[in-house]
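The chain below stands alone and is given as structure tokens, in the form predicted alone.
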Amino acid sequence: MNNGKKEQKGTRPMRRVEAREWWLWGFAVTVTLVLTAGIVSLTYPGNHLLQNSEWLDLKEWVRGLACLVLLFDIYTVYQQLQIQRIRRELIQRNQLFEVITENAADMIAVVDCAGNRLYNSPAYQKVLGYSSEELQLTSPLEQIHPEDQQRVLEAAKKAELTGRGERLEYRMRHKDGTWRILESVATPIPNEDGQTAKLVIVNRDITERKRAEETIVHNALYDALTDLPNRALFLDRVRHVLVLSHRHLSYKFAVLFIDLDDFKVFNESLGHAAGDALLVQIARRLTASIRGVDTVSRSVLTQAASPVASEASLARLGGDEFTILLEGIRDCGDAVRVAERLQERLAIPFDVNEQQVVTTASIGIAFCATSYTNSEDLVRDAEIAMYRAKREGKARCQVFDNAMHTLAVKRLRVETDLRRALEQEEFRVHYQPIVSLQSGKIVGFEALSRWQRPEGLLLPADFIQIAEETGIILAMNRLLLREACLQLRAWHSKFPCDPPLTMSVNITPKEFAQTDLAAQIGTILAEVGIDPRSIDAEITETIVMANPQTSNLVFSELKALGVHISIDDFGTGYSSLSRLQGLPVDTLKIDRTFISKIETDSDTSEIVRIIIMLAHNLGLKVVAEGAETAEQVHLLKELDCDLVQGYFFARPGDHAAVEALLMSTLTVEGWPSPIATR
């Protein structure tokens, strides 16, 4: 309706003009025709005003003139028709321009060279809130951001001089006071002399697009959970600081690598949502803690150096790993003091889902040095130092040194070789006999991992920890369990005895954390065809006490399977027999550190006696590990210990060595005979 009214308003005056033009043209043509007719009438017969000779000449002349006048009239009418056609086309184009400009989403403006507004499309009111009348009362620069005004003027001047407009982005104030981002192109309109007379400016609101682009960039450089810089942005910042330190040798900085201790246990016990909530709170606390870094360290830059103040940048690399770039410090001691302060702050309990959560962190520090050429090396070395802090007991900080790098390279080589060893089946199972102190007979074996490398046999101490930390231990121990069960089944057939020989297998922390541990063991036992009662799962005291509720659940599943359960390395952790009373345990294995001192230290001997006595009161059997002398075996027998294993009886050996041992100790009845005391 509004467009129809505007069309009527624009076309009615034009129609009145056209009507007047037709009336004037018609009057002129009528007059010429009347005059021509009058002149021509003089040439008709009966008119005797002129002589015959004159009459004939006039008659021809008048007829020629009449033809010219008629041709002129025809041409005039034709030209008028052409003019009207062109005018109608112009009117249609003008109407089309009005429809486009008044309905276009882009804002279209026409200004003269002096900057005066000649036209503003209705889109200005839709996008910026200003009516055309309001814009007419203000300067075109008034709504433009002060920082962008000069660029806009320069772009307009350039378009005026060159006749070509360039794309320009600038900010313009909305009527409500907010700023919108516009994309603008100015097109010059020349006058008759070819000089720029006006500029047609097309403005497009790209605020939402710019926000979307900023969001994409932000998501690429910031962590989605904590909104902290991510690894990419952090490495870029370290790279800039590294360049600065190379230019100014007095400028020092450090990278801190923070990893939460036992966060995985918290995440699995309370759920990932609670884990995320804790990470957000930790990020906030770290952010608040590093704001005052300049009170801990002061910049030592001179006037000749770059005037960068002491500051810190926090980032989250992923999971429970955070990094801090500490700039402008004096020495490594400043970085250590910051790390210690952060550990103190993190030790304050967090409130997660109405629960008090206490967490600690291990921090590795890499101090700047001229040997560093890229940021990745700095972060890598800080991470290496963090792992050293974890291995030394957690909740502490370590400063990187070259020895750590050498150790890390060696560790990486071992990890690579471990994966290759799995593929090439280089792992072997060795067995150590377990002997009954009452009968002196071999009643079972403990299965132990060995790595048969081309250069020699490696003991577990050289690779088990790395296999555990990398998760390779899971595949290794599945192979070990299967091979040990197959060997035990063969020995049951070849060396039958009552009760049958047993096989003890160690369960590592990584295995114990698997929710389907019992199901995995049950599957292997069923495939091999071995009685679960012949298998003894050995789990260290530390693993059991780390999470008693989880331990109780796993133990119940194993007991339902029929597997026996032993607590390994008892006495080295922080548990007690009373705490083990509620767990479905069958056997305690006293750690070798106690057995090694049983004959020389009366206190240790008394501790072993009490452990054996209390264990028997709870209905548990006791195995002593690491017996190496006859005196140790004799004392253990006096203390009423049930079972023993150690070098005194036999070192771990492969299946052939153990089979030879069994063959040499067989009695006529088919039982292994008592092993003589040596």
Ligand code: C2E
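One-based numbering along the sequence shown. A quick note: this is a predicted structure, and the numbers were derived from the prediction, not measured.
The same protein also exists as the form predicted in complex with the named molecule; that form is not shown, yet it is the one meant from here on.
- Every member of the trio Ser449, Asp569 and Gly626 reaches the named molecule in the predicted complex with some non-hydrogen atom inside 4.5 Å.
- Heavy atoms within 4.5 Å of the named molecule in the predicted complex map, among the stretches 507 to 515, 176 to 184, 120 to 128, 382 to 390, onto 507 to 515 alone.
- The named molecule in the predicted complex is not approached by Asn267, whose heavy atoms all lie more than 4.5 angstroms from it.
- By the criterion of a heavy atom within 4.5 Å, Pro460 is counted among the residues contacting the named molecule in the predicted complex.
- Under a 4.5 angstroms non-hydrogen atom cutoff, the named molecule in the predicted complex has Glu538 among its neighbouring residues.
- The named molecule is not shown here, and in the predicted complex it never comes within 4.5 Å of any heavy atom of Ala254.
- None of Arg204, Arg171, Arg341, Arg592 but one reaches within 4.5 angstroms of the named molecule in the predicted complex through a heavy atom, and that residue is Arg592.
- Of the residues Thr587, Gln432, Gln281, Gln143, just one reaches the named molecule in the predicted complex with a heavy atom at 4.5 Å or closer; this is Gln432.
- Using a 4.5 Å cut-off on any heavy atom, the residues of 462 to 480 that reach the named molecule in the predicted complex are, in sequence order, Ile464, Ile473, Asn477, Leu480.
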